[in-house]
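The data below hold one chain only, encoded as structure tokens and taken in the form predicted alone.
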Amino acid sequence: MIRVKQANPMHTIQDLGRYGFASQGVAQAGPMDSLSACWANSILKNAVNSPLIEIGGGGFVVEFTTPVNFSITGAWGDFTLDGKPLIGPGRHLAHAGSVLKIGRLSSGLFTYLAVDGGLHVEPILGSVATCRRDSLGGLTATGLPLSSGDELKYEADQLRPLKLIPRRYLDSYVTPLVCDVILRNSDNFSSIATDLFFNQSYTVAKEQSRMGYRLDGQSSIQSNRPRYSVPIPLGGIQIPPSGQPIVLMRDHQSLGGYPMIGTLTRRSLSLLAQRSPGKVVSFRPIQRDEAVAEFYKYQQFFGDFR
């Protein structure tokens, strides 16, 4: 099993999310960076929706009580196994008593830890995804994050040697990010407002959480649409009265009254999730058919992608 020796409130159990309950106000939850989470299971040949650990902000220490292959993906930094640095994202081998330390991050915000066969966690409403807002999921099924002393069970398969994720599949989380946006045509943004949105850059604000990321731009965006509550999607880009965008993340509410200018593709949402405050973000429009084709490409590659 995995024995947690150090954790913080941003360390949670996730799978690809809780679907089919939005009409009851239940958030999807799931990994902030679903690309990295899918890689963590894929490199182990796990089912892509197997439970894993999302480690936000580093500062995580665990002991493996029995030998197992594990994977580390996503944000990177000062990572050691039994005091020796890990050389990169991919599949690694832990012996009985091995200690994994996820220290200070140098790139990105969310790291993913998976083990062979996935963690044994009981689902609630079809998912183990931790959502503190809804008090659902996680080790206790009540939405609590991991804490020191928690123990997570797994059944190790045949041990295999080191295997790193090919470099061509690894994304940078420090370079300026250009996000692909599917425009929403029903919220009455003028062509001037839309052009302004696409022709300026933003910085990620300090106000970021699993519910949403605020962005700061030099010029504000305005909509002519009256405000009323409508269903809102994961990755939706709301424009509140301040005129500064809010991107809806994994634990977002089901309904919202702010007008939406568009929706991020799932790949862009994953890459944005890894950006810390002050990082530069801009947007470009993408045709719906192109976005759907990209989504299906990831579905085929991983076997599932959400």
Partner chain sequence: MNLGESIQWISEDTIELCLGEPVAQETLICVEKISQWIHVTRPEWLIDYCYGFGVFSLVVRPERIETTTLIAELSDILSDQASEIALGDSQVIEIPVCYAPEFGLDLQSISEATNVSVDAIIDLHCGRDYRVLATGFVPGFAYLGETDHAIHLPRRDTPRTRIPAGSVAIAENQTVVYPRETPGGWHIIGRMPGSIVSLSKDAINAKLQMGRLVRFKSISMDEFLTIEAADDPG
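Numbering follows the first chain given and starts at 1. Predicted model only: the values in this text are computed from it and were never measured.
One more form of this protein should be noted, the form predicted together with the partner chain, which is absent from this view; the next part is about it.
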**Prompt:** Among 277 to 285, 57 to 65, 25 to 33, 238 to 246, which stretch has residues with heavy atoms no more than 4.5 Å from the partner chain in the predicted complex?
**Reply:** 25 to 33
**Prompt:** Between the options I124, L170, L119, L86, which residue brings a heavy atom to within 4.5 Å of the partner chain in the predicted complex?
**Reply:** I124
**Heavy atom within 4.5 Å of the partner chain in the predicted complex - the one residue of A205, V230, A96, L164 that qualifies** = V230
**Asked** Taking heavy atoms only, is L152 within 4.5 angstroms of the partner chain in the predicted complex?
**Response** no
**Prompt:** Is K101 close enough to touch the partner chain in the predicted complex, meaning at least one heavy atom pair within 4.5 Å?
**Reply:** no
**Asked** Should L255 be counted as a contact of the partner chain in the predicted complex, where contact means heavy atoms within 4.5 Å?
**Response** yes
**Proximity of L136 to the partner chain in the predicted complex, heavy atoms at 4.5 Å** = yes
**Item:** Heavy atom within 4.5 Å of the partner chain in the predicted complex - qualifying residues of 288 to 306
**Value:** R288, A291, V292, F295, Y296, Q299, D304, R306
